[in-house]
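Shown next as structure tokens: one chain only, the form predicted alone.
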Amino acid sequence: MNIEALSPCGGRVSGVDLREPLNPSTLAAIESAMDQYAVLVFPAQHLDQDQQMALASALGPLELGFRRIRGGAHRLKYKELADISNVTVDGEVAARDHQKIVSNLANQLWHSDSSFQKPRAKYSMLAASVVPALGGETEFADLRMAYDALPGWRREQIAGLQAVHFALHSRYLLGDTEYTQAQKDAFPPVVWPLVQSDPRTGRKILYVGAHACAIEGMVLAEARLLLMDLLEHATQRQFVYTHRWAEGDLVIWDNTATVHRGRHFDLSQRRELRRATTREVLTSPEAAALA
């Protein structure tokens, strides 16, 4: 397995076929590379759904994320695969007012998958099968680099602060408010430290994103301005890798060390990706102290 470093973060991997079962040494090499790069790009893999599920299952226990409250018809073979597309269950490109389009737009906010639950997501594995002619890139920002670049006064300000993450906060921002009480109750708010240490590497992480909506013990308006400032800092260009998709690509990222967002594309053009996500097993010492 060979890795070419991408700028400013991430790595492009060659010399491994993810369609085949991976031996323990290759899996360990992928996990080690994730510790270093946080985002790994595997071009031209062309995984089918069974192969993607096998890869994801080898990297950890799987989680459902929003599928827990967005049930109903699903056009993929496995409920653990998230349909990141603008295509309805009958195979047609969704109308502008369809829930699929709301999901596409929500994905354009900087976020980490499932920060709104405990345990949260660890690795996301996104495979591209149909990409539009223009746009639709995915951007990744390294939250470890973001913390390293904080000035000393800001580190002192946020040390020990706990941010509240709520699944529907980002949806409410976009006017997507039609949820039943049962759906709201499925994802009660959770608390995560703003500053965390990776349990495998010890690197400090500035844990922010679109699901963070408040800070414990702080006036709400002040808290939200601080969260916006921190997210703006974390997503500066020097911390960001932009992936321009080609059909067959697979990208794996660490949700505890990055935030990501999709970019604009013509919603009348077909775009089909599917994501498998593993659940975090080892959490940061700061988060473990809250348990």
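Predicted model only: the values in this text are computed from it and were never measured. Start at 1 with the first residue shown and count on from there.
Just so it is clear, the following notes concern the form predicted in complex with N-oxalylglycine (OGA), a form of the same protein that is not shown.
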Any non-hydrogen atom of Q162 within 4.5 angstroms of N-oxalylglycine (OGA) in the predicted bound form: no
Distance check, R19 to N-oxalylglycine (OGA) in the predicted bound form, heavy atom within 4.5 Å: no
Contact of E137 with N-oxalylglycine (OGA) in the predicted bound form (heavy atom, 4.5 Å): yes
S129 within 4.5 Å of N-oxalylglycine (OGA) in the predicted bound form, heavy atoms: no
Heavy atom within 4.5 Å of N-oxalylglycine (OGA) in the predicted bound form - residue from K122, R171, R144, H111: H111
Partner-contacting position among A210, I215, I84, V190 - heavy atom within 4.5 Å of N-oxalylglycine (OGA) in the predicted bound form: I84
Output flag, P8, Q36 and Y241 jointly within 4.5 Å of N-oxalylglycine (OGA) in the predicted bound form, heavy atom basis: no
Stretch from 202 to 210, 89 to 97, 111 to 119, 151 to 159 whose residues place a heavy atom within 4.5 Å of N-oxalylglycine (OGA) in the predicted bound form: 111 to 119
In the predicted bound form, residues of 263 to 286 near N-oxalylglycine (OGA) [heavy atom within 4.5 Å]: R271, R275
